[in-house]
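Heads up, the chain below is alone and in the form predicted on its own; it's given as C-alpha cells.
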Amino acid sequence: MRLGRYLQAFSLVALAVLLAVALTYKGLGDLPNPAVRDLALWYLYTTLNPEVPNMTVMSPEAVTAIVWDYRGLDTLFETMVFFLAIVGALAIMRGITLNEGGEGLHIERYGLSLITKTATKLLVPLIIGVSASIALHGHLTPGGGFQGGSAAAVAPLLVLVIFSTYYVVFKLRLSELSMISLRTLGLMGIYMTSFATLILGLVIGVNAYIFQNMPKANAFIGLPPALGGSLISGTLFFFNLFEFFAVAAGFTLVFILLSIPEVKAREVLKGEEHGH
C-alpha cells in the first residue's frame, strides 16, 4: 500500500516537472486568432435584429438561439439520447420499486437530524425558484431549460438524502410513475413546439417548416416574438420551459432509482430467479 502511494506521489511530481519544462521551453504555442469568425459575426448580427425579420431569432441570448433555433434538430436528438438513457435505467431497475409497502412505516424516523431537515426545507424553495429563473430567462440571459432542470433536480436529491427515500415516495408522492409522467409531458411539449409553426401553416394553407421560429422569406408565418409586452423569442421560451420539466423529472427519476435500498433490489432479483 505504501509503495503504491509513493508511486502515485512520484508520478504527480514528475508530471508537474515535465509540464513546467515543456511550458518553459516550448511555450503555449500559437495563440488563436483574436478576430471574431465570420460565422460568429453572423450569429451576433441576426440573433436579435428586427431589421432582418427573415433571419433573426429575436433573442438577446445567442447561445440559446443557436441551441434551439439554428441547430434545433441537433438539440432535439440530444434530448432523445437523454430520454433513452432514462429508459435504459428503468429497464435495468424494472420491478424494483418502493411504491408498495409503505403502510406502517414511521417515515419521520428516517433521515438526518431535525436541524438538517429544517435547513433543507428552507433551501428547497430557493433552489426551485433559482432553477425556474434560469430556465424561464434562458432566452434572455445565460441558462436554459437543461441548466434549469439540472439545478431543480438538486432539490429532490437533497430531500432524498436528508429525509430518506421513503419520505420522497410516500410523503411527497414523487414516485417513478409521477416522474415518468412529468418527463413525458415535457417531451411532448418539446415535440409540439417544434411542430407548432408547421401545423399553423398547414391549417391556414401556407408554407412553413418544422422547428421554424420567426417568419422566413418563403414562409412568412411564425410564433410571436413577444407576449403581453414581454420578449419570449417565439419558440425559445417554450422549448426551455418544457426542457426544464423533462430534465428535472429525468434526473429525479434516476435519483429515486439509485436511492432504493440494496436489500429491496435483492428481494426482487431473487424473486425473478425463482420465477425462472
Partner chain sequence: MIEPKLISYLFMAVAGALSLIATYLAVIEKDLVKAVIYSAIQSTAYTILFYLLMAPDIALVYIPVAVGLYPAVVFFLIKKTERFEESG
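Residue numbers count along the first chain shown, from 1. What you are looking at is a predicted structure, and each value in this text was computed from that prediction instead of being measured.
Below: the form predicted together with the partner chain, not depicted.
- Just one listed stretch, out of 185-193, 143-151, 201-209, 71-79, contacts the partner chain in the model of the complex at the 4.5 Å heavy atom level, and that stretch is 143-151.
- Contact annotation: Leu19 falls outside 4.5 Å of the partner chain in the model of the complex, judged by heavy atom distances.
- Put simply, Leu157 is close to the partner chain in the model of the complex: some heavy atom of it is within 4.5 Å.
- Heavy atoms of Ala40 never reach within 4.5 Å of the partner chain in the model of the complex, leaving it off the interface.
- A residue is said to contact a partner when one of its heavy atoms sits within 4.5 Å of a partner heavy atom; Ile134 meets this definition for the partner chain in the model of the complex.
- Contact annotation for 4-19: residues with any non-hydrogen atom within 4.5 angstroms of the partner chain in the model of the complex are Arg5, Gln8, Ala9, Leu12, Val13, Ala16, listed in sequence order.
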